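Starting off, we have a lone chain in the form predicted on its own, written out as structure tokens.
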């Protein structure tokens, strides 16, 4: 993009969510309309099956680690990973009513109050290291899953997270594989998605890392953003319930056409930037086909992938009829033994916190030659005259 180009703002550009208007730089990731997501110039396809710590290192430092650097970074994250007993006890005293994302936002505020260092750089690494334990505590508490709390970060970033989850009938190895993939694919997604922008905007007022992240989680919680993955999983479950395990693809097509005729929503398709199938979805579909081909939900999701774009493309108003990552991510987690739609957005928040935290560090400590960005304060016009003048 030519940064010298002046953007003319018209009345039609107002009240449109600032869509398309550049307001800064994102150093950690980018999204190409036809090539998909990149972390620090590396495609998500290159990174999907690496170790989480390796990808976090890349996002944080801007380069891939050597063997020794990775080993040292794993040790550093492990040394920062433990929550204090007071934080754990405080999380376990939070009310269990309502959405789990509200619980996660509250838990992050507690961590900041009790363990925050008021230093964006230190708190960034601390938050990244500790959020698996925070999320495990939140999910176990909210779900009412009982068991001894024991964090063992030496197991590995996501291995420890899975070990802390008291999921009934847990299939450890399968869940680790699926959780690692989900975690890596959701770390970052440019600088202008709602949760990232909100987190950075709150930090621009010099709120600390944890308060800023709690605000980002609240932004992520809505159905237009992070909770879309929960809605997509529930949609696939609903389709399965309607057509049954032995459904044919023609039935799925008929069902979609019927929903469109009744102006009902079709979940899991379309994207604000992409104009092809989300490469993250492609990675999940490939894993699903390899590991869970006979799973009923996977079968339905695969049929939806095949007929959904065909049906949706018939509408000239739809610019991207292709599956996004939400169409299949929750289905894979369910097939791997984590069939709990209420917590898919919480897992999303655990992952996205990595990228948001690093972007906050950039805007507070590195942008503008180290001065940081000023406080976010866009101009709003006087609605009484609907004028662009002045």
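Treat the numbers as computed from the prediction; the structure is a model and nothing was measured. Numbering follows the first chain given and starts at 1.
Just so it is clear, the following notes concern the form predicted together with a small molecule, a form of the same protein that is not shown.
- Checking 102, 259, 271, 141 against the small molecule in the predicted bound form, a heavy atom within 4.5 Å turns up for just one residue: 271.
- Listed residues 180, 74, 299, 189 were compared with the small molecule in the predicted bound form; 189 is the one with a heavy atom within 4.5 Å.
- Partner proximity in the predicted bound form, defined as non-hydrogen atoms within 4.5 angstroms of the small molecule, places exactly one of 358-366, 345-353, 44-52, 65-73 at the interface: 345-353.
- Proximity of residue 193 to the small molecule in the predicted bound form: non-hydrogen atoms within 4.5 Å are present.
- Contact check for residue 200: no non-hydrogen atom falls within 4.5 Å of the small molecule in the predicted bound form.
- Contact between residue 280 and the small molecule in the predicted bound form is found at the 4.5 Å heavy atom cutoff.
- Taking non-hydrogen atoms only, residue 225 approaches the small molecule to within 4.5 angstroms in the predicted bound form.
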